[in-house]
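Only one chain comes next, encoded as C-alpha coordinates, the form predicted alone.
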Amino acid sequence: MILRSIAVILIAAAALTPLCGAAEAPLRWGADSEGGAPYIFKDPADPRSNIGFEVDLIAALEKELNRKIEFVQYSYGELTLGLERGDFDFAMNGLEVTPDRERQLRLSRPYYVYRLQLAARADDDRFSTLEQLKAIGGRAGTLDNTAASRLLTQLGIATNLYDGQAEPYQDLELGRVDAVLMDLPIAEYYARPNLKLKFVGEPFGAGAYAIAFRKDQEQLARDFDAAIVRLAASGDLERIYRKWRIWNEDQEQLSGDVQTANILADSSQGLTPDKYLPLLMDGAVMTVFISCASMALAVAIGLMVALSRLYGVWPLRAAAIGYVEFFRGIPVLLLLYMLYYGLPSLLANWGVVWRPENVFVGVLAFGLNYAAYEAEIYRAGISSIPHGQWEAAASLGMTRFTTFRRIILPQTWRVVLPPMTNDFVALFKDTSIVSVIAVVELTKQYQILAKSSLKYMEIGLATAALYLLLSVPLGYLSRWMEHRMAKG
(Lines give C-alpha, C1' and ligand atoms only; values in the text may rest on other atoms or scores of the structure.)
Protein backbone atom coordinates (compact mmCIF):
# COMPACT_ATOMS: atom_id res chain seq x y z
CA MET A 1 0.00 0.00 0.00
CA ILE A 2 2.82 2.38 0.91
CA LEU A 3 4.66 1.59 -2.32
CA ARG A 4 1.49 2.24 -4.33
CA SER A 5 1.07 5.68 -2.63
CA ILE A 6 4.68 6.62 -3.37
CA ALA A 7 4.23 5.63 -7.03
CA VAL A 8 1.12 7.80 -7.33
CA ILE A 9 2.96 10.80 -5.84
CA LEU A 10 5.93 10.37 -8.23
CA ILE A 11 3.62 10.11 -11.27
CA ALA A 12 1.73 13.23 -10.20
CA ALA A 13 4.98 15.15 -9.67
CA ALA A 14 6.23 14.13 -13.11
CA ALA A 15 2.97 15.26 -14.70
CA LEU A 16 3.07 18.67 -12.96
CA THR A 17 6.74 19.39 -13.66
CA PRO A 18 6.19 20.77 -17.22
CA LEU A 19 3.39 23.00 -15.91
CA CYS A 20 5.57 24.35 -13.11
CA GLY A 21 8.39 24.99 -15.54
CA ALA A 22 6.18 26.83 -17.98
CA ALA A 23 6.85 30.14 -16.21
CA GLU A 24 10.12 31.53 -17.50
CA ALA A 25 12.89 32.06 -14.97
CA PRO A 26 13.75 35.69 -14.13
CA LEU A 27 16.45 37.32 -16.24
CA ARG A 28 19.57 38.43 -14.39
CA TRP A 29 20.85 41.94 -15.08
CA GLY A 30 24.52 42.64 -14.33
CA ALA A 31 25.49 46.20 -13.38
CA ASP A 32 27.53 48.13 -10.81
CA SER A 33 25.60 50.34 -8.40
CA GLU A 34 28.77 51.72 -6.81
CA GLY A 35 28.87 55.41 -7.67
CA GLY A 36 26.98 54.85 -10.91
CA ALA A 37 24.85 57.99 -11.06
CA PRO A 38 22.80 58.71 -13.05
CA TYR A 39 22.81 55.17 -14.46
CA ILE A 40 22.26 53.05 -11.35
CA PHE A 41 23.12 54.07 -7.80
CA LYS A 42 21.90 53.76 -4.23
CA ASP A 43 18.86 55.76 -3.21
CA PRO A 44 20.04 58.26 -0.55
CA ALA A 45 16.65 57.93 1.18
CA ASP A 46 16.82 54.11 1.18
CA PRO A 47 20.34 52.72 0.58
CA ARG A 48 18.88 49.23 0.15
CA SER A 49 17.24 50.33 -3.11
CA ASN A 50 18.74 51.30 -6.45
CA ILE A 51 17.65 54.26 -8.54
CA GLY A 52 18.77 55.73 -11.86
CA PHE A 53 17.60 56.02 -15.43
CA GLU A 54 18.75 52.48 -16.22
CA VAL A 55 16.74 51.17 -13.26
CA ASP A 56 13.66 52.87 -14.71
CA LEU A 57 14.52 51.49 -18.14
CA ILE A 58 14.74 47.97 -16.72
CA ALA A 59 11.27 48.39 -15.20
CA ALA A 60 9.94 49.44 -18.60
CA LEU A 61 11.65 46.49 -20.29
CA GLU A 62 10.11 44.13 -17.76
CA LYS A 63 6.66 45.24 -18.88
CA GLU A 64 7.50 45.05 -22.58
CA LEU A 65 9.05 41.58 -22.29
CA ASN A 66 6.51 40.38 -19.71
CA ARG A 67 9.38 38.84 -17.81
CA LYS A 68 10.87 39.58 -14.40
CA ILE A 69 14.41 41.00 -14.32
CA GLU A 70 16.62 40.68 -11.22
CA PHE A 71 19.61 42.89 -10.45
CA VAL A 72 23.05 41.32 -9.92
CA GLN A 73 25.75 43.55 -8.38
CA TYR A 74 28.97 43.22 -10.40
CA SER A 75 32.09 45.34 -10.74
CA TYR A 76 31.87 47.55 -13.83
CA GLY A 77 35.32 46.59 -15.04
CA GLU A 78 34.47 42.89 -14.95
CA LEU A 79 31.02 42.99 -16.56
CA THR A 80 32.22 41.47 -19.82
CA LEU A 81 33.96 38.60 -18.04
CA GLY A 82 30.97 38.00 -15.78
CA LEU A 83 28.63 37.88 -18.77
CA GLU A 84 30.80 35.35 -20.57
CA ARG A 85 31.03 33.26 -17.39
CA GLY A 86 27.25 33.14 -17.19
CA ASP A 87 27.00 34.98 -13.85
CA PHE A 88 24.09 36.96 -15.33
CA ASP A 89 22.07 37.00 -18.55
CA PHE A 90 22.87 40.49 -19.82
CA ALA A 91 24.88 43.57 -18.87
CA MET A 92 23.57 47.12 -19.01
CA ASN A 93 25.58 49.83 -17.29
CA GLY A 94 26.44 52.58 -19.74
CA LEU A 95 28.39 50.12 -21.88
CA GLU A 96 29.66 51.99 -24.92
CA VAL A 97 29.43 50.48 -28.38
CA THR A 98 33.03 49.91 -29.53
CA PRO A 99 34.58 47.68 -32.21
CA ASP A 100 36.12 45.56 -29.44
CA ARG A 101 32.80 44.86 -27.76
CA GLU A 102 30.99 44.27 -31.06
CA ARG A 103 33.53 41.60 -31.92
CA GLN A 104 33.30 39.88 -28.54
CA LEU A 105 29.61 40.28 -27.62
CA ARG A 106 26.15 40.50 -29.13
CA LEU A 107 25.17 44.13 -28.55
CA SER A 108 21.57 45.29 -28.67
CA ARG A 109 20.39 48.27 -30.67
CA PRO A 110 21.37 51.50 -28.83
CA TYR A 111 19.13 52.68 -26.01
CA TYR A 112 20.95 56.00 -25.46
CA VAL A 113 23.14 58.30 -27.57
CA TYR A 114 25.85 60.05 -25.58
CA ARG A 115 28.47 62.68 -26.28
CA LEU A 116 31.71 63.50 -24.48
CA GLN A 117 31.91 66.64 -22.36
CA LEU A 118 35.07 68.37 -21.16
CA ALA A 119 34.97 70.06 -17.74
CA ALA A 120 37.43 72.35 -15.96
CA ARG A 121 37.62 74.50 -12.85
CA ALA A 122 35.45 77.60 -13.01
CA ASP A 123 38.45 79.95 -12.72
CA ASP A 124 40.62 78.16 -15.31
CA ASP A 125 40.56 79.80 -18.77
CA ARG A 126 43.76 78.30 -20.15
CA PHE A 127 42.06 75.95 -22.63
CA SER A 128 38.80 75.36 -24.41
CA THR A 129 39.65 72.18 -26.39
CA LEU A 130 41.55 68.95 -25.86
CA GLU A 131 44.26 70.16 -28.22
CA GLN A 132 44.81 73.27 -26.11
CA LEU A 133 44.84 71.13 -22.96
CA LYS A 134 47.61 69.03 -24.49
CA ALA A 135 49.51 72.14 -25.59
CA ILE A 136 49.74 73.46 -22.01
CA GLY A 137 50.80 70.06 -20.71
CA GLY A 138 47.58 69.59 -18.80
CA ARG A 139 46.39 66.38 -17.17
CA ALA A 140 42.89 64.97 -17.58
CA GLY A 141 40.88 62.57 -15.48
CA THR A 142 38.35 60.02 -16.71
CA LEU A 143 36.97 56.53 -16.17
CA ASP A 144 39.05 53.51 -17.06
CA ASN A 145 38.19 51.54 -20.21
CA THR A 146 35.86 54.12 -21.74
CA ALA A 147 35.69 56.02 -25.00
CA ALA A 148 37.01 59.08 -23.17
CA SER A 149 40.07 57.25 -21.80
CA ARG A 150 40.91 55.81 -25.22
CA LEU A 151 40.54 59.18 -26.90
CA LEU A 152 42.85 60.84 -24.37
CA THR A 153 45.40 58.08 -24.92
CA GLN A 154 45.20 58.48 -28.70
CA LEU A 155 45.77 62.22 -28.37
CA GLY A 156 48.73 61.70 -26.05
CA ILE A 157 47.23 63.65 -23.14
CA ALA A 158 48.45 62.75 -19.64
CA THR A 159 45.59 60.94 -17.94
CA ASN A 160 44.53 59.82 -14.49
CA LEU A 161 42.22 56.79 -14.68
CA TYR A 162 39.56 56.19 -12.03
CA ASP A 163 37.17 53.38 -11.12
CA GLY A 164 34.41 55.73 -9.92
CA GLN A 165 32.59 58.68 -11.43
CA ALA A 166 32.70 61.11 -8.49
CA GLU A 167 36.45 60.92 -7.82
CA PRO A 168 37.66 62.58 -11.07
CA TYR A 169 35.53 65.66 -10.42
CA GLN A 170 36.71 65.79 -6.81
CA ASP A 171 40.33 65.71 -7.98
CA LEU A 172 39.52 68.41 -10.53
CA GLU A 173 38.08 70.60 -7.80
CA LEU A 174 41.18 70.03 -5.63
CA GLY A 175 43.52 70.83 -8.53
CA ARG A 176 45.04 67.38 -8.92
CA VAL A 177 43.96 67.28 -12.58
CA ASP A 178 43.31 70.14 -15.00
CA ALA A 179 40.26 68.72 -16.73
CA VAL A 180 37.80 65.84 -16.72
CA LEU A 181 36.46 64.21 -19.88
CA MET A 182 33.32 62.14 -19.34
CA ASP A 183 30.12 61.09 -21.03
CA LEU A 184 27.58 63.90 -20.98
CA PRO A 185 25.10 62.18 -18.59
CA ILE A 186 27.86 61.88 -15.98
CA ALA A 187 29.00 65.47 -16.53
CA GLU A 188 25.41 66.71 -16.20
CA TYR A 189 25.06 64.96 -12.85
CA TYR A 190 28.43 65.80 -11.26
CA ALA A 191 29.92 68.85 -12.98
CA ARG A 192 27.06 71.15 -13.97
CA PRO A 193 25.59 71.57 -10.45
CA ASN A 194 29.07 72.25 -8.98
CA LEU A 195 29.71 76.01 -8.92
CA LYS A 196 33.47 75.39 -8.71
CA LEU A 197 33.43 73.61 -12.09
CA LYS A 198 32.31 74.48 -15.60
CA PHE A 199 31.72 72.89 -18.99
CA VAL A 200 34.44 73.66 -21.54
CA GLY A 201 33.29 73.72 -25.16
CA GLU A 202 30.33 71.88 -26.62
CA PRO A 203 29.67 68.12 -26.32
CA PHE A 204 31.31 66.16 -29.12
CA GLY A 205 31.93 62.69 -30.55
CA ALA A 206 28.54 61.00 -30.39
CA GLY A 207 28.53 57.36 -29.29
CA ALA A 208 25.89 54.92 -28.06
CA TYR A 209 25.08 52.72 -25.09
CA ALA A 210 23.86 49.18 -25.73
CA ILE A 211 22.88 46.10 -23.76
CA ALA A 212 25.44 43.30 -23.94
CA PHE A 213 24.62 39.62 -24.45
CA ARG A 214 26.70 36.55 -25.17
CA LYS A 215 27.03 35.57 -28.80
CA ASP A 216 24.80 32.53 -28.27
CA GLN A 217 21.89 34.66 -26.96
CA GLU A 218 20.67 35.88 -30.34
CA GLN A 219 16.96 35.34 -29.68
CA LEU A 220 17.08 37.09 -26.31
CA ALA A 221 18.94 40.00 -27.89
CA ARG A 222 16.31 40.27 -30.62
CA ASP A 223 13.57 40.39 -28.01
CA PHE A 224 15.33 43.28 -26.29
CA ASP A 225 15.89 45.03 -29.64
CA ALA A 226 12.18 44.91 -30.37
CA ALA A 227 11.33 46.10 -26.85
CA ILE A 228 13.66 49.10 -27.16
CA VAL A 229 12.03 50.05 -30.48
CA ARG A 230 8.58 49.90 -28.87
CA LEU A 231 9.69 51.99 -25.89
CA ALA A 232 11.17 54.62 -28.19
CA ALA A 233 8.05 54.72 -30.37
CA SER A 234 5.67 54.96 -27.39
CA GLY A 235 7.58 57.83 -25.82
CA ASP A 236 8.53 55.86 -22.70
CA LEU A 237 12.25 56.37 -23.34
CA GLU A 238 11.75 60.11 -23.63
CA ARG A 239 9.71 60.15 -20.42
CA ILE A 240 12.45 58.30 -18.51
CA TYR A 241 15.27 60.44 -19.89
CA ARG A 242 13.44 63.69 -19.24
CA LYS A 243 12.89 62.58 -15.65
CA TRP A 244 16.65 62.25 -15.24
CA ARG A 245 17.38 65.43 -17.28
CA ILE A 246 19.41 63.57 -19.91
CA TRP A 247 17.04 63.94 -22.87
CA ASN A 248 18.39 65.87 -25.86
CA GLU A 249 17.89 65.98 -29.61
CA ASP A 250 20.36 63.11 -30.14
CA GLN A 251 17.82 60.73 -28.57
CA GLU A 252 15.34 61.37 -31.38
CA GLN A 253 17.39 58.88 -33.44
CA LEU A 254 16.47 55.98 -31.15
CA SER A 255 13.26 55.10 -32.98
CA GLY A 256 15.21 54.72 -36.26
CA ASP A 257 18.77 53.99 -37.33
CA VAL A 258 21.19 55.46 -34.81
CA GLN A 259 24.11 57.34 -36.36
CA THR A 260 27.21 57.84 -34.22
CA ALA A 261 30.67 59.19 -34.95
CA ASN A 262 33.47 56.65 -34.71
CA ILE A 263 36.12 58.73 -32.95
CA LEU A 264 38.05 55.71 -31.69
CA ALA A 265 40.43 53.29 -33.31
CA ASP A 266 39.92 49.58 -32.82
CA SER A 267 42.17 49.01 -29.81
CA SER A 268 42.17 45.23 -29.98
CA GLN A 269 44.12 45.23 -33.22
CA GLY A 270 47.88 45.48 -33.36
CA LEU A 271 48.59 45.37 -29.59
CA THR A 272 51.73 43.26 -29.87
CA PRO A 273 54.31 42.49 -27.16
CA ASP A 274 56.65 45.22 -28.41
CA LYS A 275 53.85 47.71 -27.64
CA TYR A 276 52.48 46.46 -24.33
CA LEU A 277 55.67 45.20 -22.67
CA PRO A 278 57.18 48.72 -22.30
CA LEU A 279 53.94 49.86 -20.67
CA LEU A 280 54.03 46.89 -18.29
CA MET A 281 57.64 47.77 -17.47
CA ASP A 282 56.57 51.32 -16.60
CA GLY A 283 53.96 49.85 -14.25
CA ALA A 284 56.59 47.55 -12.72
CA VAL A 285 58.90 50.50 -12.03
CA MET A 286 56.07 52.27 -10.22
CA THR A 287 55.31 49.11 -8.21
CA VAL A 288 58.96 48.77 -7.15
CA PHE A 289 59.18 52.43 -6.16
CA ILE A 290 56.03 52.36 -4.03
CA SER A 291 57.05 49.06 -2.42
CA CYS A 292 60.58 50.18 -1.51
CA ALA A 293 59.58 53.65 -0.33
CA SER A 294 56.68 52.28 1.73
CA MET A 295 58.83 49.58 3.33
CA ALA A 296 61.55 52.10 4.23
CA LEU A 297 58.92 54.29 5.90
CA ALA A 298 57.39 51.27 7.66
CA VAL A 299 60.79 50.15 9.00
CA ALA A 300 61.58 53.63 10.38
CA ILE A 301 58.17 54.15 12.01
CA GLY A 302 57.87 50.54 13.17
CA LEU A 303 61.23 50.66 15.00
CA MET A 304 60.23 53.87 16.81
CA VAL A 305 56.86 52.39 17.79
CA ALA A 306 58.48 49.18 19.06
CA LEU A 307 61.04 51.06 21.15
CA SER A 308 58.34 53.34 22.54
CA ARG A 309 56.30 50.34 23.59
CA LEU A 310 59.27 48.56 25.17
CA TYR A 311 61.17 51.39 26.83
CA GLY A 312 59.02 54.50 26.74
CA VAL A 313 57.15 56.18 29.57
CA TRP A 314 53.54 55.13 29.97
CA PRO A 315 52.02 57.79 27.63
CA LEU A 316 54.40 56.69 24.88
CA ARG A 317 53.62 53.03 25.56
CA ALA A 318 49.89 53.72 25.39
CA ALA A 319 50.29 55.70 22.15
CA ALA A 320 52.38 52.90 20.63
CA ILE A 321 49.77 50.28 21.56
CA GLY A 322 47.02 52.50 20.12
CA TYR A 323 48.99 52.98 16.89
CA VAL A 324 49.48 49.24 16.39
CA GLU A 325 45.87 48.35 17.13
CA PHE A 326 44.46 51.14 14.95
CA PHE A 327 46.51 50.55 11.82
CA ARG A 328 46.30 46.76 12.09
CA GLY A 329 42.54 47.03 12.49
CA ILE A 330 41.66 49.07 9.40
CA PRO A 331 42.12 48.01 5.74
CA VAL A 332 44.64 49.86 3.58
CA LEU A 333 41.90 50.62 1.05
CA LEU A 334 39.97 52.62 3.65
CA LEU A 335 43.15 54.41 4.69
CA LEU A 336 43.87 55.38 1.06
CA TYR A 337 40.41 56.92 0.65
CA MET A 338 40.67 58.76 3.96
CA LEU A 339 44.09 60.25 3.20
CA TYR A 340 43.53 61.04 -0.47
CA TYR A 341 39.92 62.25 -0.51
CA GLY A 342 38.76 62.69 3.08
CA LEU A 343 41.66 64.58 4.68
CA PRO A 344 42.07 67.27 1.95
CA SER A 345 38.32 67.95 2.02
CA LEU A 346 38.36 68.19 5.83
CA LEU A 347 41.33 70.56 5.81
CA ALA A 348 39.70 72.66 3.09
CA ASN A 349 36.78 73.31 5.46
CA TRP A 350 39.32 74.84 7.86
CA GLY A 351 40.93 76.93 5.13
CA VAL A 352 43.98 74.69 4.77
CA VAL A 353 44.96 73.71 1.23
CA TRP A 354 46.65 70.29 1.05
CA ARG A 355 46.81 68.51 -2.27
CA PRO A 356 49.13 65.52 -1.92
CA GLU A 357 50.14 63.60 -5.02
CA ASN A 358 48.57 60.17 -5.40
CA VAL A 359 51.94 58.36 -5.29
CA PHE A 360 52.87 60.18 -2.06
CA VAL A 361 49.56 59.16 -0.48
CA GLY A 362 50.09 55.56 -1.58
CA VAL A 363 53.54 55.43 0.04
CA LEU A 364 52.24 57.12 3.19
CA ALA A 365 49.24 54.79 3.56
CA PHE A 366 51.26 51.60 3.09
CA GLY A 367 54.07 52.91 5.28
CA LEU A 368 51.70 53.71 8.15
CA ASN A 369 49.85 50.42 7.82
CA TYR A 370 52.86 48.11 7.54
CA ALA A 371 54.69 49.99 10.31
CA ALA A 372 52.18 48.50 12.76
CA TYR A 373 53.14 44.97 11.68
CA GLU A 374 56.87 45.77 11.64
CA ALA A 375 56.61 47.21 15.16
CA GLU A 376 55.29 43.91 16.49
CA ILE A 377 58.01 41.99 14.66
CA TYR A 378 60.74 44.22 16.14
CA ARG A 379 59.21 44.08 19.62
CA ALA A 380 59.19 40.28 19.52
CA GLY A 381 62.74 40.20 18.14
CA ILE A 382 64.15 42.56 20.76
CA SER A 383 62.35 40.71 23.56
CA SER A 384 63.89 37.41 22.40
CA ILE A 385 67.41 38.61 23.29
CA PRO A 386 68.30 37.40 26.81
CA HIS A 387 68.20 40.19 29.42
CA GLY A 388 71.56 39.05 30.73
CA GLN A 389 73.24 40.65 27.73
CA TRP A 390 72.02 44.07 28.91
CA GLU A 391 73.47 43.37 32.35
CA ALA A 392 76.79 42.13 30.92
CA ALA A 393 77.14 45.25 28.78
CA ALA A 394 76.32 47.48 31.75
CA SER A 395 79.04 45.77 33.79
CA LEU A 396 81.51 46.76 31.05
CA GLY A 397 80.46 50.39 31.36
CA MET A 398 78.31 50.55 28.20
CA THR A 399 75.37 52.93 28.09
CA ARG A 400 71.94 51.54 27.25
CA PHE A 401 72.02 53.25 23.84
CA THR A 402 75.42 51.78 22.98
CA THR A 403 74.32 48.37 24.22
CA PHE A 404 71.24 48.48 22.03
CA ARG A 405 73.12 49.71 18.96
CA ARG A 406 76.10 47.35 19.17
CA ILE A 407 74.75 44.22 20.84
CA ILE A 408 70.95 43.98 20.87
CA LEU A 409 70.08 45.40 17.45
CA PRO A 410 72.52 43.23 15.39
CA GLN A 411 71.12 40.08 17.00
CA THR A 412 67.55 41.29 16.60
CA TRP A 413 68.18 41.85 12.90
CA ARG A 414 68.89 38.14 12.42
CA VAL A 415 65.60 37.24 14.13
CA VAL A 416 63.37 39.72 12.32
CA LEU A 417 64.82 39.39 8.80
CA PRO A 418 62.66 36.42 7.64
CA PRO A 419 59.29 37.89 8.71
CA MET A 420 60.36 41.30 7.35
CA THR A 421 61.04 39.71 3.98
CA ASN A 422 57.62 38.07 4.01
CA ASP A 423 56.01 41.42 4.77
CA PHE A 424 57.92 43.08 1.94
CA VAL A 425 56.73 40.46 -0.56
CA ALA A 426 53.15 40.91 0.71
CA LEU A 427 53.51 44.70 0.42
CA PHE A 428 54.88 44.27 -3.09
CA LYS A 429 51.67 42.53 -4.15
CA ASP A 430 49.34 44.74 -2.11
CA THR A 431 50.48 47.84 -4.00
CA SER A 432 47.86 47.02 -6.65
CA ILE A 433 45.31 48.67 -4.32
CA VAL A 434 46.74 52.14 -5.07
CA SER A 435 44.94 52.06 -8.42
CA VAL A 436 41.85 53.35 -6.57
CA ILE A 437 43.60 56.74 -6.30
CA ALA A 438 44.60 56.76 -9.98
CA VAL A 439 48.13 55.36 -9.61
CA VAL A 440 49.00 53.21 -12.61
CA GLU A 441 51.17 50.43 -11.20
CA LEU A 442 51.74 46.98 -12.68
CA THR A 443 48.35 45.39 -11.98
CA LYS A 444 46.46 48.51 -13.07
CA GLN A 445 48.47 48.67 -16.28
CA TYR A 446 47.54 45.03 -16.93
CA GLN A 447 43.86 45.81 -16.42
CA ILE A 448 44.02 48.77 -18.79
CA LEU A 449 45.77 46.82 -21.54
CA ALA A 450 43.74 43.62 -21.14
CA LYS A 451 40.35 45.35 -21.09
CA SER A 452 41.11 47.43 -24.16
CA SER A 453 42.65 44.57 -26.17
CA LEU A 454 40.76 41.57 -24.72
CA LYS A 455 44.10 39.71 -24.47
CA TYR A 456 43.55 38.73 -20.85
CA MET A 457 45.64 35.55 -20.89
CA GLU A 458 48.52 36.77 -23.05
CA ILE A 459 49.09 40.04 -21.18
CA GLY A 460 48.27 38.34 -17.86
CA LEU A 461 51.10 35.83 -18.31
CA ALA A 462 53.52 38.65 -19.12
CA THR A 463 52.40 40.52 -16.01
CA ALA A 464 52.75 37.42 -13.83
CA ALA A 465 56.25 36.88 -15.20
CA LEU A 466 57.22 40.43 -14.21
CA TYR A 467 55.87 39.94 -10.68
CA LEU A 468 57.86 36.72 -10.35
CA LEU A 469 61.03 38.33 -11.71
CA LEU A 470 60.69 41.06 -9.11
CA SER A 471 59.56 39.04 -6.07
CA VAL A 472 61.38 35.68 -6.30
CA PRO A 473 64.87 37.23 -5.99
CA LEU A 474 63.76 38.74 -2.66
CA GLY A 475 63.55 35.26 -1.17
CA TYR A 476 67.03 34.38 -2.38
CA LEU A 477 68.40 37.70 -1.10
CA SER A 478 66.85 37.11 2.31
CA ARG A 479 68.31 33.62 2.61
CA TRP A 480 71.74 34.89 1.49
CA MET A 481 71.68 37.61 4.14
CA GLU A 482 70.59 35.11 6.84
CA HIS A 483 73.44 32.78 5.86
CA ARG A 484 75.97 35.62 5.84
CA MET A 485 74.89 36.91 9.28
CA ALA A 486 74.93 33.37 10.68
CA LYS A 487 78.59 33.09 9.67
CA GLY A 488 79.36 36.49 11.15
Partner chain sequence: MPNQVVLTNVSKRFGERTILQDVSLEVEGGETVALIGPSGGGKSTLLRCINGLTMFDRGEIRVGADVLSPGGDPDAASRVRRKFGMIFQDFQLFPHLTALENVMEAPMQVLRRSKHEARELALQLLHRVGLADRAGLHPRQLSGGQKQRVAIARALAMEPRGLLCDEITSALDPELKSEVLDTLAELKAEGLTLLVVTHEIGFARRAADRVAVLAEGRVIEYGPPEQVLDRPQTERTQRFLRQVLV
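Note that this is a predicted model, so its numbers are computed, not measured. Think of the rigid core as the biggest set of C-alphas that the two forms share within 1.5 Å after superposition. Residue numbers count along the first chain shown, from 1.
We do not show the form predicted in complex with the partner chain, though everything after this point is about it.
When the partner chain is considered in the predicted complex, residue 217 lies well away from it, no heavy atom lying within 4.5 Å. When the partner chain is considered in the predicted complex, residue 410 lines it closely, a heavy atom lying within 4.5 Å. The partner chain is not shown here, but in the predicted complex it comes within 4.5 Å of a heavy atom of residue 406. Although the partner is absent here, residue 125 is not a contact residue: none of its heavy atoms lies within 4.5 angstroms of the partner chain in the predicted complex.
In plain terms, the part of the chain that comes close to the partner chain in the predicted complex, with a heavy atom within 4.5 Å, is 385 to 393 out of 385 to 393, 83 to 91, 135 to 143, 101 to 109. Shown without its partner, this chain lists 129, 272, 73, 402 as candidates; in the predicted complex, only 402 has a non-hydrogen atom within 4.5 angstroms of the partner chain. A single residue from the set 278, 156, 397, 322 has any heavy atom within 4.5 angstroms of the partner chain in the predicted complex; that residue is 397. The rigid-core alignment places the CA of residue 104 less than 2 Å apart between this form and the one not shown. In this overlay on the rigid core, residue 288 has a C-alpha that sits less than 2 Å away from its partner position between this form and the one not shown.
Once both forms are fitted on their rigid core, the CA atom of residue 122 lies less than 2 Å apart between this form and the one not shown.
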